[in-house]
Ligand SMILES: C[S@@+](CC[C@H](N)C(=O)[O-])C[C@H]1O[C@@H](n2cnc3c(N)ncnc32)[C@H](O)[C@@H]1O
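Shown here is one chain on its own, the form predicted on its own, set out as structure tokens.
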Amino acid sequence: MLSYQHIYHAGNRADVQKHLWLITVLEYLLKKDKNFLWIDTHAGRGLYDLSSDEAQKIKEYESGIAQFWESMNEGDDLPPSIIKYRDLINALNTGESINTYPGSAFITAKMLRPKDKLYAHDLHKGEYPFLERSIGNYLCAEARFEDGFAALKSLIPHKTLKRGGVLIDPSYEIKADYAITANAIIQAHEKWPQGIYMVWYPILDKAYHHDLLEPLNALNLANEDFVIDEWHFGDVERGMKGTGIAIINPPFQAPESMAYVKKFLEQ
């Protein structure tokens, strides 16, 4: 199904969690000189206009990036990933408000070196042209109008790039998407066991995310090789009750770094 457009939800709490994890993982990979591969299976637009009619319809960014923005700009004693996130957003905007908001593909394209490689995929005819424009000028990045899961099968293991990882952020438009996503990760992990796999999921009343997590838990990975990070929203009348990220092969100390980030944002 290809009706989902992330512009309606851009900047929400799920994005904040996902992007801070992404920055934390990429910063780790960038510490080493050896180049690496990054795959974004469901990239969306790359850049989002929060003043657009679509973003203004639900205004999910108000309880997401807008809620945290003041604390992200106060003081110098900030977690490194928040500083990076803040600087990326500030570079896209003038004044105090956020009109242009970066998505995962744009963040990755900005952070990677020319010798690294990003493959960003989207199969929505309305979204892909935005993606192509937002990352097309970066030497490290390639936008592809292609199914991300099919691309994942063909890209790994890469012939020359042995390091790297995957960000998987499906729309979960139907319940079966959770099991489909789990199966895609399991198959990819069999082919590229050293890769970092990050998958986002929503936490809903019906708890469909268990169809994703249970097969991943069945891999019986060591505790340090499989981490789940969930942010719960408290009392919410409808929609998402929280946002989750599951990570296979998280970088050393990345979970601890993100726990500190989460504590900082909750202050």
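From 1 onward, residues are counted along the sequence shown. Bear in mind that the values here come from a model prediction, so they are computed numbers and not experimental data.
Although it is not shown, the form predicted together with the named molecule is what the next lines describe.
- Here the marked residues H6, T41 and P170 all reach the named molecule in the model of the complex, each with a heavy atom within 4.5 angstroms.
- Proximity to the named molecule in the model of the complex, taken as a non-hydrogen atom within 4.5 angstroms, holds for one residue of H189, K110, H124, K84, which is H124.
- In the model of the complex, the named molecule lies within 4.5 Å of some heavy atom of S104.
- Proximity of D147 to the named molecule in the model of the complex: non-hydrogen atoms within 4.5 Å are present.
- Not displayed here, the named molecule is approached by K18 to within 4.5 Å at the level of heavy atoms in the model of the complex.
- Although the partner is absent here, Y48 lies within 4.5 Å of the named molecule in the model of the complex, judged by heavy atoms.
- Segments offered: 154 to 162, 96 to 104, 132 to 140, 76 to 84. Contacting the named molecule in the model of the complex at heavy atom distances within 4.5 Å is 96 to 104.
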